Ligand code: F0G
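Shown below, as structure tokens, is a lone chain in the form predicted on its own; questions about how it binds or moves come after it.
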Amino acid sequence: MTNQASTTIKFQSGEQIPVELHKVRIVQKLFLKPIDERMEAIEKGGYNTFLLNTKDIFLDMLTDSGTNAMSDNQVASMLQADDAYAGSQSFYRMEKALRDVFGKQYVLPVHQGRAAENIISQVFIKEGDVIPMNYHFTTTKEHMELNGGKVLEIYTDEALKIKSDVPFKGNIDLDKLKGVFEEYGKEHVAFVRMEASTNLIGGQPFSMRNLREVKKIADANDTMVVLDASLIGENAYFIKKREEEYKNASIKDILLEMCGYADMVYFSSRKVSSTRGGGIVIDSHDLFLKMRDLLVLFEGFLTYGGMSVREIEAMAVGINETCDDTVISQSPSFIEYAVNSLDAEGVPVITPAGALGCHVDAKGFLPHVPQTEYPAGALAAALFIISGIRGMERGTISSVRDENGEDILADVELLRLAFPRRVFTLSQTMFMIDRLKWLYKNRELVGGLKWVEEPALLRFFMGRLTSTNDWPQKLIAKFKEDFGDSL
């Protein structure tokens, strides 16, 4: 395992360029369809990038969940899978890897992260409880509210600023956390949740110091700290790069310390180890027993948890690879390159660069589009039309309506362009940057969206919208004027 802190290399020109510290041995063909066909595809998909067909997509930057590239060792490990229903040796290899990396004794496997959220919410949340956290995630909030809980986001004042040089915008505000216990009483605080790294506000990490202080406050109030570790590797990488105390520490040691401050850790393996699946890890045997029965009821037996044994084998290898600097730094290095390149051209993006993806500020990009017309969703649709790149709306479409049927406007309106590990090349990244720069110069052509079909829950997954006017046709006309027959 290398102790190299970054895959970004300084060239003779002085420019900092991310370099892929891997070689490509298996490839998957891509297609860049003409703009008129892309327009047809986005209309058919209801202006919702989740409903696009991959045959119409050039670069799929929707998410890093389940889309990371597996290593040769992960693929090879799948050949030794033990397909027993119970007592599979594949599980015990995965269990050992999770104990080594997360430092917890008991392992409950689940089919993905939201399954862990379901079990944790059912067991530990009662009607009227509150759950303070650095920021919510969509499925997390739904599970907690369905079980009678109320999410309290107690982020710092810096968290929602688009442009910032604060390195840890994912921190919990410690004074606000103390205030939660004073206001509600510790008996009504189910647990404190820390997300590594905050998905909905730009993949921003928290510091080790902040986590340490959160643990002290929670312990003083006899309350658990629950760590969502789906992007814990990237959070550890940022701690190593941005927190002076840890600049010479290994990623593995940082991970162990982080998990040591948590009473329970859960994760989506679709993110943390480049495979499908997930898990809950914990030291308390009593708490393990409280969750065990629900796992068997909802997920499968204790030694497969709804996963295939091949995925379990690959997870075991991938969890260990999360401790490798060159593996964990590749995605943040490409994200940083994209963010800095766009920021230099005046394109509004979340700074500093975080984990998961490059996050474009849709309110700054499209100030003429009101939030009630969903600027982040409109920007995602516009980018697909002019480039074939599929991003993801993280704004008011991803929010909900209040009791009066009005949109609860999102704190931020973001277009997320995810960088799965080891998937995109630098030239593909440069193409994305170029098309976003062109779109920003022609941003006045982009209009809003309105609902055609709106599901009651998690509407951003399955809902259908349409344009508020003929702005897509005007955008296409300008694109053809500037690029001709170019795709």
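If you're wondering where the values come from, they're calculated on a predicted model, not measured in any experiment. Counting begins at 1, following the sequence as shown.
Just so it is clear, the following notes concern the form predicted together with the ligand, a form of the same protein that is not shown.
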Worksheet entry | Interface stretch in the model of the complex with the ligand - options 108-116, 406-414, 342-350, 323-331, non-hydrogen atom within 4.5 Å | 108-116
Worksheet item: Judged by heavy atoms and a 4.5 Å cut-off, are T49, Q371 and L449 together in contact with the ligand in the model of the complex?
Response: no
Worksheet item: Does any heavy atom of R270 come within 4.5 Å of a heavy atom of the ligand in the model of the complex?
Response: yes
Practice prompt. Please run the contact check for V214 against the ligand in the model of the complex: heavy atoms, 4.5 angstroms, yes or no?
Written response: no
Discussion item. Can you tell me whether T63 touches the ligand? I mean in the model of the complex, with a 4.5 angstroms heavy atom cut-off.
Written reply: yes
Worksheet item: Quick one: does S230 come within 4.5 Å of the ligand in the model of the complex, counting heavy atoms only?
Response: yes
Worksheet item: the ligand isn't shown here, but in the model of the complex which of F102, Y337, Y304, F137 has a heavy atom within 4.5 Å of it?
Response: F137
Fill in: Option touching the ligand, based on a heavy atom within 4.5 Å in the model of the complex, out of M392, I131, L255, L177
M392
